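Here we start with a single chain on its own, the form predicted alone, put down as structure tokens.
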Amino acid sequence: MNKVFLNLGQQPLANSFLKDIKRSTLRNEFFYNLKICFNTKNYLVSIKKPVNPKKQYTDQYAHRASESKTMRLAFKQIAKKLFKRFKPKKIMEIGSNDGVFLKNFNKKSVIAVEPCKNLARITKKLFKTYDEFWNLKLSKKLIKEKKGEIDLIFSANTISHIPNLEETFTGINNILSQDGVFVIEDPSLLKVLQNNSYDQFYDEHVYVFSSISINNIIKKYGLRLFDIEHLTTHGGSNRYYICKEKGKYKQSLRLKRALKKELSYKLDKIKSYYKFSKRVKLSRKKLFKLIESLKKRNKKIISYGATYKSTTVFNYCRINSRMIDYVTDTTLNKQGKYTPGTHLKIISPKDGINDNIDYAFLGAWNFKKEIFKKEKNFLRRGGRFITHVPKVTTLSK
């Protein structure tokens, strides 16, 4: 049974950056109600009513994973690690983006699955790419084309985006070799609660997984969770290692510990989520009050990073162009556009981080270390960052 515990209000698509803010454009802007619920049977946390993926993953998709130095390095390291551990002959990635992970392998041994046409066009120049949504039908197509029996299937921050988990996991079981491994990375529910990072909830994150929910769900589809790693990426993620029910891998000690830890934090109890909801509401009040008080003192405030996370925060907290002057972002195809819902202008950090800025909201808080290194001059002259994670405060180091 699904029980709603958090309502983040009317939200736009996190990826729907606007080319202009004419009346006709704003009239057509899409919004949906972002309610988060908890399943009392399998302990899965999800959006109550997911948005149709065809509205989200288009040929205008803005996120390019390889544009982040942190992510390039992370994907290079995990590619090397997985190849060394499992020695796969055939590799597939679901949600391959611009190929930042797959380019670390022999081009002839990899298959990319990427529904966003603009990203698929990039990887098609490098290796075999299917510009389709992952489902059972596609898995059967791969088998028919003799692309089946995959030894390693990798998916980072994508499985949580797919509304139909039955299609997802049935398709995986269909194409995975007998001792093959399915490795997924997604934000950690435990870290979301610990960090009070409610901005992990937006239209693309249909689910925020815990190891106990993954463990419960995949059993229905002939799969088994056998290992886990805890990552720092995206503010705290988990890397889940999954095999077929009769695969050769034994359950690791660290997975046993992870399951035990999540149960000790009561991630299987609805009360934990009601408490989280109260903290979120308090965070909203404090953030609005902080920015409002700074504006009254004539402080110039911008936002650093036109992130999907900040879309949730700004729309939920009703922070708009009266409070934030503009947003800086290094992603070229975001520059010159406007943020979803709040309509803040997005410009290059080169133009935006100047001596007039007093405060910058840390929209990309999960890249804090990288940002603080890059913006030493801003901090040195007295500039400060505003964050809401794990609590509302200002930072100078």
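The first residue of the sequence shown is number 1, and the count goes up from there. Please read these numbers as outputs of a predicted model, since none were measured by experiment.
Omitted here: the form predicted in complex with a small molecule. The next part is about that form.
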Does K334 reach the small molecule in the predicted bound form, with heavy atoms at most 4.5 Å apart? yes
Does the small molecule come within 4.5 Å of any heavy atom of T330 in the predicted bound form? yes
Interface membership of K191, the small molecule in the predicted bound form, 4.5 Å heavy atom rule: no
Hey, in the predicted bound form, is N366 touching the small molecule, heavy atoms inside 4.5 Å? yes
Counting any heavy atom within 4.5 Å as contact, can you tell me which stretch out of 212-220, 237-245, 273-281, 299-307 lines the small molecule in the predicted bound form? 299-307
Go through I357, L44, I371, V51 and name the one with a heavy atom inside 4.5 Å of the small molecule in the predicted bound form. I371
Counting non-hydrogen atoms within 4.5 angstroms of the small molecule in the predicted bound form, say which of F101, F154, F169, Y202 makes the cut. Y202
